[in-house]
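Quick setup: one chain, the form predicted on its own, written in structure tokens, and binding and motion questions come after.
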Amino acid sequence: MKVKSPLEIYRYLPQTNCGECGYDTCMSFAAQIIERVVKPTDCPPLVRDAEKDEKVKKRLDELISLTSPEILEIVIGGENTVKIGGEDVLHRHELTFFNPTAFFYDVWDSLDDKEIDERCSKVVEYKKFYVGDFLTLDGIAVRCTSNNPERFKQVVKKVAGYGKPMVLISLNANCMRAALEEVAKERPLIYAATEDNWREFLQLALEFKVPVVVRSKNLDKLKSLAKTFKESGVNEIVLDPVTEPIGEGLKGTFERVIQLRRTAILGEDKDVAYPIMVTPISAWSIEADEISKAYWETVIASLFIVKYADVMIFKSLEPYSIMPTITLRYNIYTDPRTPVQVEPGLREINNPTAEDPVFLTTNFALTYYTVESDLTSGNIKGWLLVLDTEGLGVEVSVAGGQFTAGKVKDLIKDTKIEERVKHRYLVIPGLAARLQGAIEDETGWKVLVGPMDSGRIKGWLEQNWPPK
């Protein structure tokens, strides 16, 4: 049984509160182990005692086992890396999901060099701002369509120059060997060992010390492949249960992925406790036009971002394909225990003057960035006070007591907004209207109730600012 609370971990620690780990108490250190900020081996006295005392060593080994994730965590890449796997639960509300599904976009070696550069550049340069973060793509999958070892080697070397983690795709062991001789130090994920070529790929994984995908639609055979690789000394394994893009095939894919993850976590079967690969790119085998293929690629990706895919391979680099999946990934892999929030304080919007209005919002990231965007895009000059509501939105924080008149008073004092403006008018969100009187009593400011929707602020100001 895995530990799920700091108290359970604390029992394994020295309990001396020595501070050598960088935390004030052993309990604080235990809490950081739960969050995967530190590892049990980051406790110096525990490690020292384990070197001298067999009982302590046994205790440390047990703690390491108890705090290791159910699904093996694998690192792909050299200087730049991406982590896959490392999950402990089937549902994010039980704890959280830790490592977002890794997105790899394909190039193939029968493209000319200019086309390869264009696709690689799109992957490297993709960057979208969303709720306070920049969303990016993780890596490049290089497919050997030429079946020519020298050409594959040449293209893999070229792609490696872009600095992104790579998946190398070829069932031909000679082609894969040629590529690994060039880029093994970059620790690519090699794809894929099958029932036909597993001996050659086992040798490659052992020789070049790289993670490997084992592939089979039959879960018994997939498990057998993984077990054979593990027993032969290959620890970094990814499972590909084969992605079929539509109809009964897609249903079967879903069932296989669910079975693998549930067997690993609920059944505690270490023979399948590995990251899972899903290939939305399989949608391009459908008889359809390109837009339909891209659509199905997005549908498949969306389904398995939610249900257990740790790494995916895509083809479409169109914005209408990337945005839905990358946004969904971000939302699924935020920690449900911690609301997404921004720093409270004072923001200046469009270089305001002492005559411009003062607005109030919460530090829930989605609320803040919506308000900030509406003010900025509307060319509205103003001061934006951001209240610490513990990452909750306006209506919820008003109801729950995180948005109070007393906290507004403290915010006005802490930000010294009174020194920045000549007036004493505060515009509060429409959803906080019931606090109007209380805020006026606490702060001495005149409170104006703004619109429910920040997109209507511009029209509201035309009728209400400056105050009559």
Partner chain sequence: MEKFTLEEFFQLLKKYNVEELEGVRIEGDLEIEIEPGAGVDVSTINALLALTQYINLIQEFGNFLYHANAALMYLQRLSSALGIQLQLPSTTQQIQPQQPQPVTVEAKPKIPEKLIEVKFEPYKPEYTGVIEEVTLGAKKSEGGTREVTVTIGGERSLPFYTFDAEMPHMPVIAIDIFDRKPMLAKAVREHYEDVLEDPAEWAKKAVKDFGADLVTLHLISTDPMLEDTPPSEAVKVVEEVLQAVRVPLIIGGSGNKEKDPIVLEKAAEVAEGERVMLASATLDMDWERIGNAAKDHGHVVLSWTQMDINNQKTLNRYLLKRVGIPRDSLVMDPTTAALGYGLDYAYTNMERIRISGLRGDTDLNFPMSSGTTNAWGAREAWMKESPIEEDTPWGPRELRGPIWEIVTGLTLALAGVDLFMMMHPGAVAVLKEIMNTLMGNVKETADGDAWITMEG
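Owing to the predicted nature of the structure, the values given are computational and were not obtained by experimental measurement. Between two forms, the rigid core is the largest collection of C-alphas that superpose within 1.5 Å. Residue numbers count along the first chain shown, from 1.
The next section is about a form of this same protein that is not shown, the form predicted together with its partner chain.
Although the partner is absent from the chain shown here, none of 101, 181 and 274 has a heavy atom within 4.5 Å of its partner chain in the predicted complex. Within this chain, residue 453 lines the site of its partner chain in the predicted complex, having a heavy atom no more than 4.5 Å away. Contact check for residue 162: no non-hydrogen atom falls within 4.5 Å of its partner chain in the predicted complex. Using a 4.5 angstroms threshold between heavy atoms, residue 399 counts as touching its partner chain in the predicted complex.
A residue is said to contact a partner when one of its heavy atoms sits within 4.5 Å of a partner heavy atom; residue 54 meets this definition for its partner chain in the predicted complex. With its partner chain left out of view, the stretch that reaches within 4.5 Å of it through heavy atoms in the predicted complex is, among 70-78, 344-352, 190-198, 149-157, 190-198. Scanning 384, 260, 394, 140 against its partner chain in the predicted complex with a 4.5 Å heavy atom cut-off leaves one residue, 260. Between the options 95, 82, 250, 116, the residue in contact with its partner chain in the predicted complex by a heavy atom within 4.5 angstroms is 250. Taking its partner chain as positioned in the predicted complex, the only residue of 434-451 that brings a heavy atom within 4.5 Å of it is 434. Relative to the superposed core, residue 14 undergoes a C-alpha shift smaller than 2 Å between this form and the one not shown. Relative to the superposed rigid core, residue 393 undergoes a CA displacement of at least 2 Å between this form and the one not shown. Here residue 363 counts as shifted, since its C-alpha moves by at least 2 Å between this form and the one not shown after the core is aligned.
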